[in-house]
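The data below hold one chain only, encoded as structure tokens and taken in the form predicted alone.
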């Protein structure tokens, strides 16, 4: 019995040392790779809650790495057919109601996406969680029962990042996001993003629901629900074109 107890202690100690030795950048890379895949197709429902109204937006999205993304709005009818395209460094917004293709500048990436609490950058992901920040592992912490890494991300000097600091909690078992806190340049908390409801999507387990809450507007909230997600799909860079942005249904 004593030998068994010793073996258990050694195994726990070994796991603890391995857990402590993993670097902040390795944790971020694992989480980012799991979230993106080499390529992906997803279907979402976004629910925007305000004090005087609530509205829902359905959409589908294709991505390839962090350089290509195409998002198409399915509903409501007023926005149906509208789309967003990222191709290398170019960003475009197609508005069928006015038959106009608008080139988006980096300066508007911090602005609200479709009136939600997510930014254009959150949806189109011009910035990179891996490349645009310096990373530091702060501590190990249990969040909503999940044993998690807490990391601090500070934007690199030449990165076009609106945040002054980002705190991220990542689940140790699945390397999925648990919570994100975004701070401004004065170290004031601007918004909190919580991730819930782990589900299997293809070959990976990911949160199926995220909730974004701005700190200065307690009655506002945006929920993004993943209805479907397939990863490492066959898709060429040529798919991410203005023509497909207009025509993809």
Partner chain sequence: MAWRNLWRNKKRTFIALSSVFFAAFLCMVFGSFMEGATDYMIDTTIERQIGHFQVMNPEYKDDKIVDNFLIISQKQLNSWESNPKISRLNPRIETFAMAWNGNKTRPIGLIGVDPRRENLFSKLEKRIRLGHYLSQKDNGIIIGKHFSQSMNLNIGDTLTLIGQGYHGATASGLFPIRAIMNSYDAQTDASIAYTSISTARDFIDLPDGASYISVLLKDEKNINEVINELRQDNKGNNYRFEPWEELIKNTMAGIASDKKTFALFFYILYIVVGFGLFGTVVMMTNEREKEFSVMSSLGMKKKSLIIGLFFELLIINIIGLILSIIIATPIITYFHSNPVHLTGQMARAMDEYGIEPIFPFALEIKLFFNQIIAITLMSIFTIIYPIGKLSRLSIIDTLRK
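Residue numbers count along the first chain shown, from 1. Please read these numbers as outputs of a predicted model, since none were measured by experiment. Each form is matched to the other, and the largest set of C-alpha atoms that superpose within 1.5 Å is called the rigid core.
One more form of this protein, predicted together with the partner chain, exists but is not displayed; see below.
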item	value
Contact residue in the model of the complex, chosen from 55, 29, 204, 209 - any heavy atom within 4.5 Å of the partner chain	55
Residue 82: touches the partner chain in the model of the complex, heavy atom cutoff 4.5 angstroms	yes
Contact test in the model of the complex: residue 95 vs the partner chain, heavy atoms, 4.5 Å	yes
Contact of residue 102 with the partner chain in the model of the complex (heavy atom, 4.5 Å)	yes
Residue 112, heavy atom within 4.5 angstroms of the partner chain in the model of the complex	yes
Flag for residue 134, CA shift 2 Å or larger between this form and the one not shown after aligning core	no
